[in-house]
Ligand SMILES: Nc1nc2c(ncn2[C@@H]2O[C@H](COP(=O)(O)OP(=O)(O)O)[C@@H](O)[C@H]2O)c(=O)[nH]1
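Take a look at this one chain, the form predicted on its own, written out in C-alpha cells.
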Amino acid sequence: MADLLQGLVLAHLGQGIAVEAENAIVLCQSLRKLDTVAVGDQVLWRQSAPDQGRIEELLPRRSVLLRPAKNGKTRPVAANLDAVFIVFAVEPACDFLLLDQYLAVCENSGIDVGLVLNKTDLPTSEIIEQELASYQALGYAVYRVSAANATGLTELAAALQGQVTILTGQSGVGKSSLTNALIPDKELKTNTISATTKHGRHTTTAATLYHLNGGGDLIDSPGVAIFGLADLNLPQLAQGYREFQPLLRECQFNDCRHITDKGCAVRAAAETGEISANRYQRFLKLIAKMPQGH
C-alpha cells in the first residue's frame, strides 16, 4: 500500500479524471467497483504510467450534493463542500421555489448556505426585498453584488476564503460572470488542467475545482446544477425549513404531513404570520413535486 498516493479530484475530462497531487495534475482512471467519483473528492491513487494513474479508493466525504440521474437514482454534483452560494438576480424573475429547494437540500446535507443577489445595478422589486428580509431573519447571509459594475465582490470573495464552495442558481442570473470575476485567471487554470493531462481542451460542461488566490476552493459547475429532492423524504424536507424546526415537535401527530393534518403547528404558524406564509406555500408545492412514496 506504500505506493498509494492521496489526491484531490479537480475535474472529469472525457473518460479520465484530473487528480491533483503534490502540485502536479495526473490523468486517472477509476476502478469500476468504486462509487462515482465527484469533483472535490479526496482519493487514493496509484501511478500506472508517467502522468497517469488509477484511483483505487474514495476517502470518506464530509458532505456531498446529489442530482437526479436515470432510473430514480442520484449522481454526485460535488463532494466535501463547506458552503453553497445560491445566486439569484433582480432579473430574470427570481425562482424562490428553486431557492427554497436548494436551501432544504443543503440543510439536510449539513452544508452552509449564502444567498447572492446579483445585478444590483438594476432597481430591485419590493417582492425581492420582502423575501430577502425573511431569509435574513432565518440567519442566512445575503450578499448584494453586481458583476456588471464590480460592486460587492470584495465581500463575496472574502466569504469564499478558506473553504470549499460552489455557486448555483437558475440560468441567466450571471453565475459565469461572477465566477470569472472571482477567478480572474480561470482561463489559465483551465488550460493548465487540459495541458497537464494531455487531453486537449477541457470541456466547459464539466464541473471543475479552482483554487482561489486568497485561499479556498471554488467548484464551478456550468449550467444549472439541479439538486433534486429525490433523496429527501417528507420529514427531511420539513426539517430543511429552519423556521419549521422548533414547531415540528408541537404537531399533534408524529406523522404530520403539515398539509391539512389536524393539530399541525407549522400550518397554524403560517396562518398567524409567525412564519412566512409564502415559504409555507412553496413548501406545499415542493411536497407535490416529490417522488411518490416519499
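In case it trips you up, residue 1 is the first one in the sequence shown, and so on. These numbers come from a predicted model, not from an experiment.
The form predicted in complex with this ligand is left out here; the points below concern that form.
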Heavy atom to heavy atom, is residue 80 within 4.5 Å of this ligand in the predicted bound form? no
Any chance residue 163 has a heavy atom within 4.5 Å of this ligand in the predicted bound form? no
Please check if residue 130 has a heavy atom lying within 4.5 Å of any heavy atom of this ligand in the predicted bound form. no
Report whether the minimum heavy atom distance between residue 148 and this ligand in the predicted bound form is within 4.5 Å. yes
So which of 122, 93, 97, 138 gets a non-hydrogen atom within 4.5 Å of this ligand in the predicted bound form? 122
Selected contact from 108, 190, 134, 170, since only one has a non-hydrogen atom within 4.5 angstroms of this ligand in the predicted bound form: 170
Go through 67-75, 154-162, 114-122, 97-105 and give me the stretch that gets within 4.5 Å of this ligand in the predicted bound form, heavy atoms only. 114-122
